[in-house]
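Here's a solo chain for you in structure tokens, the form predicted on its own.
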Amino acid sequence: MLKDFFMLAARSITHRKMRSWLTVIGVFIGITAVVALISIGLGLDQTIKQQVAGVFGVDTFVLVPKGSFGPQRHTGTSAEEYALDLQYLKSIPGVKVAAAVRQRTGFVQGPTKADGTSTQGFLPVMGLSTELMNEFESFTGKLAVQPGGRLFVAGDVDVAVLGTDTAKRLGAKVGDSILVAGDDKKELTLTVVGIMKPSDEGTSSKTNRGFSAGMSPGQNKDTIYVPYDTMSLLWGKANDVLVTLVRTQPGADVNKVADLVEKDLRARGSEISAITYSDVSDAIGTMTSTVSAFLAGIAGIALLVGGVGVMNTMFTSVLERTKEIGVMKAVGAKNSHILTIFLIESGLMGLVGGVVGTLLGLGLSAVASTFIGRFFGVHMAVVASPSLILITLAGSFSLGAFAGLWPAWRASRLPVVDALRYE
């Protein structure tokens, strides 16, 4: 019997082709907008998570100042710092390797020029662990120095690598010596072993992303880079750490190790938070889901208009077929049969709109992905998951059926005599 109901509903829709298609247009415009926005949102979420996964991997987490990540993060504009005992961190069970970054502003004196003078001034000095360049290239990007220079190696102390602007300002080249002064009249003479290659010279943004905004050696051209241990000789204990990267032992649970590190270091006075890939992924998912839901809600207004169109069409259909309804009831059709036929009819109109809208929405998201890739250099995934398609089609049928509920109910309640007498 259900098959017969579908046949009757389909026959009625095809009998009024123009009106039915005009009704369907209102539905598929809304479905197109919703599917396109949800698909773009899912693609953005997947793309960002892939980028983050490529940086973090499955065995790495980051230590940042407490409160600088998540909904309770601070809103100050200056970089926040924290105290850290790096050697103790490396001794915590589950930690394979750790690297930290410190930064201070120091008095710097460049090499003596031919006229006996030297350039002096206050410049940012950044201390980098050697492991940062050896073990965490996914964070730092591919660091490169100009020909004739090198980066730090294990055991280096009295050496420095200069940013390009700093080297020009000080008039320094590889092999020259510069003087850096820290706290309490502490000062060191450092040998320049390298000058960073500018980021636009052979290092693309893809290979030199940097592990944190504003801290990528390829981007900070006015900074002096020194080994991490050298910072202790100039400024004492590490109370000014900006970020720490930690890689766990093979097979260790990165979340459990991160929790242990966070607990132990906080007990020693380090105001830090351990951020794992799952933490970042959850935050990204929450953000993109909220944005997608908001945009889909706006697009849902178009669906509401389409639903009103279906309701209007079904009311008209009921009026036109009043006598037909009377005949069906006269030959034994029950109220439930009439109600089912009209609900299926309105649901089919919604379903057709859903099919067309889904195809157009996915096509629109593919066009948006291509546009973003061409003009912004970001390859954004196009998500056409079976669950999205099935939910959309089921939702469009339900929308049509819901919009036709009132007209169908009125049709099922028509008295037989009045319906047969209707002209």
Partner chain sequence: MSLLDLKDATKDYKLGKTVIVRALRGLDVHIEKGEIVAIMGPSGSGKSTLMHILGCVDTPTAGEASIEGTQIKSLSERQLVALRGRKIGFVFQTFNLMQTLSAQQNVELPMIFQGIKKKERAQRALDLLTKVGLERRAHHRPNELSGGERQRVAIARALANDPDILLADEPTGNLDSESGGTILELLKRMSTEYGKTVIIVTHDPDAAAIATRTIRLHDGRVVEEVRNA
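The term rigid core refers to the most C-alpha atoms you can superpose between the two forms while keeping them within 1.5 Å. Everything numeric here is computed off the predicted structure, so don't read it as measured data. Positions refer to the first chain, counted from 1.
Another form, the form predicted together with its partner chain, is not on view; read the next lines as being about it.
**Student:** Would you please decide whether His337 lies within 4.5 angstroms of its partner chain in the model of the complex, comparing each non-hydrogen atom pair?
**Tutor:** Result yes; His337 sits at the interface with its partner chain in the model of the complex.
**Student:** Contact with its partner chain in the model of the complex for Lys329, defined as at least one heavy atom pair within 4.5 Å: yes or no?
**Tutor:** Within the cut-off, so yes.
**Student:** Do Lys323 and its partner chain share at least one heavy atom pair within 4.5 Å in the model of the complex?
**Tutor:** Close contact exists here: in the model of the complex, Lys323 approaches its partner chain to within 4.5 Å, heavy atoms only.
**Student:** Ser20 near its partner chain in the model of the complex, any heavy atom under 4.5 Å?
**Tutor:** Although its partner chain is absent here, Ser20 would stay clear of it in the model of the complex, with no heavy atoms inside 4.5 Å.
**Student:** From the list Ala283, Ala333, Met133, Val157, which entry has a heavy atom within 4.5 Å of its partner chain in the model of the complex?
**Tutor:** Looking at Ala283, Ala333, Met133, Val157 one by one, just Ala333 meets the 4.5 Å heavy-atom criterion.
**Student:** Contact check in the model of the complex: Val52, Phe56 and Arg266 versus its partner chain, with a cutoff of 4.5 Å between any heavy atoms. Do all three pass?
**Tutor:** None of them does, since no heavy atom lies within 4.5 Å of the partner.
**Student:** With its partner chain taken in the model of the complex, which residues across 11 to 34 come within 4.5 angstroms through any non-hydrogen atom?
**Tutor:** Residues within 4.5 Å: Arg11, Ser12, His15.
**Student:** Aligning on the core only, does the CA of Gly326 end up 2 angstroms or more away between the shown form and the other one?
**Tutor:** Shift of 2 Å or more: yes.
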